[in-house]
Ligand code: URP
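Shown here is one chain on its own, the form predicted on its own, set out as structure tokens.
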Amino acid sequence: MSLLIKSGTLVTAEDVFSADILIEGETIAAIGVNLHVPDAEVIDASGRLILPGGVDPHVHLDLPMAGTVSSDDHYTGTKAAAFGGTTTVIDFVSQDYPTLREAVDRLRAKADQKVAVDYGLHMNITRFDEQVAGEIPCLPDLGVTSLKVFTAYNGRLRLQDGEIFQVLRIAGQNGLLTMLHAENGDVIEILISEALAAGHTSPEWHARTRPAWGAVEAVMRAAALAAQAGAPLYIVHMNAAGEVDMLHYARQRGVPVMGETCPQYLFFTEDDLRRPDGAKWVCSPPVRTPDDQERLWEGLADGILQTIGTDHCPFFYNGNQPLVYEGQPVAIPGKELGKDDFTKIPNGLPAVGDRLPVLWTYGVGSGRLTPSQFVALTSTNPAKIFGLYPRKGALFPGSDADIVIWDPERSLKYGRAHAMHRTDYNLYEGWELKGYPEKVFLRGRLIVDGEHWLGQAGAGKFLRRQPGAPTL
């Protein structure tokens, strides 16, 4: 059966124009004015915007941490993504098994049966030796073309600079992209020890023990390693003004380095950590200052930053109190685990469903971003960077029919009543929004219709990506 979406205003990363879209099966068949297709189902999109489904390049689903597990699994997290207009997510594979292949296979065995939107995978490299060096070039055979390394979390996730250099070089030689978490693990360990010894246990000390200067120097250090390795680099969850400056410096000198930020760093500050419920805002790296926010917005508008992901990794605020999800009570230990010690608060926030609605109102609606920049940052650019374009992130004939019909005039008071994350709070509770997804299609199938969920677990597909994606 054909589906014809009539009289909408298409918003792409390059243009805004009026057209009809014809969907045949799972893909876009044609785009044009006054299309007529006998027997097609017709949706009148007059007064609506038509966007490509969002691509979130940074989520953590069903992730064990701090004695518990993130509260969204691969079904609940992808359902929440869909309600927010995101139809593709990329999760991370932990290096928890003897080989990289086994780690990927184990995660897919868990995720494939649950995902409600399409998904890809990044591979964490948290230990490095000759065996791992030999396995990295084989990752494209598994459909994985991006790696992640850390300069923090000493003794758990961190690699040394020489190891990161080797990962970068191997990745670059094989058309893979290395992603990097930029903080200074040595300084963090010292500051945490000193804070606890002095009796500082409240959430604000999470930020105070992870100073922005550590992130700034780590970005520059990583860019220097990438330049010496001759390999592309992508800095995840950039949160500090100085990081934007370092990224700009490196890019001006031809280093193939790109940057991502997240909504929490655009809208919240260390003051939120000082609230009575400040544990809700504990994430790593931490939220910063208004000056940092302003520079991040400038970086997005000026093209220094390429994407807005979420680092979605939610936990219950009070895991002792069950909530009802799809008719069943659910209680998962959460941020109450750190009520007496900030180091025991699970690090992470709900965000995957909030990203597009909040950024539309407070990015596009405020004039900080154009509609095309919004689409580029949240859909097209991540699709290009991670080897999914033009299948994803585009409105072209032949692209997957991942389409959001967006009502630019809908006003609502946002919060848990609208966000579908499986957790007991929302960071944007009570925020006034204007502009919201009305219908969401995954490969031509309607999965969100207003407040109604039509998707299902296992309907999403694993996306096998090819190496050699461009550096933007």
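Note that the structure is a prediction, hence the values are computed from the model and not measured. Residue numbers here begin at 1 and follow the sequence given.
Below: the form predicted in complex with this ligand, not depicted.
Note on the interface: of 282-290, 197-205, 80-88, 362-370, the segment with non-hydrogen atoms within 4.5 angstroms of this ligand in the predicted bound form is 282-290.
Mapping the unseen interface onto this chain, Tyr317 falls outside it, with no heavy atom inside 4.5 Å of this ligand in the predicted bound form.
In the predicted bound form, this ligand lies farther than 4.5 Å from every heavy atom of Leu446. At a distance threshold of 4.5 angstroms between non-hydrogen atoms, Ala417 is out of contact with this ligand in the predicted bound form. Although the partner is absent here, Tyr153 lies within 4.5 Å of this ligand in the predicted bound form, judged by heavy atoms. Think of it this way: in the predicted bound form, this ligand has a heavy atom of just one of Gly120, Gly334, Gly348, Pro357 within 4.5 Å, and the residue is Gly348. When this ligand is considered in the predicted bound form, only one residue from Ala226, Leu100, Ala215, Cys313 comes within 4.5 Å through any heavy atom, namely Cys313. Residues are counted as partner-facing when one of their heavy atoms sits within 4.5 Å of this ligand in the predicted bound form; in 177-197 only His181 qualifies.
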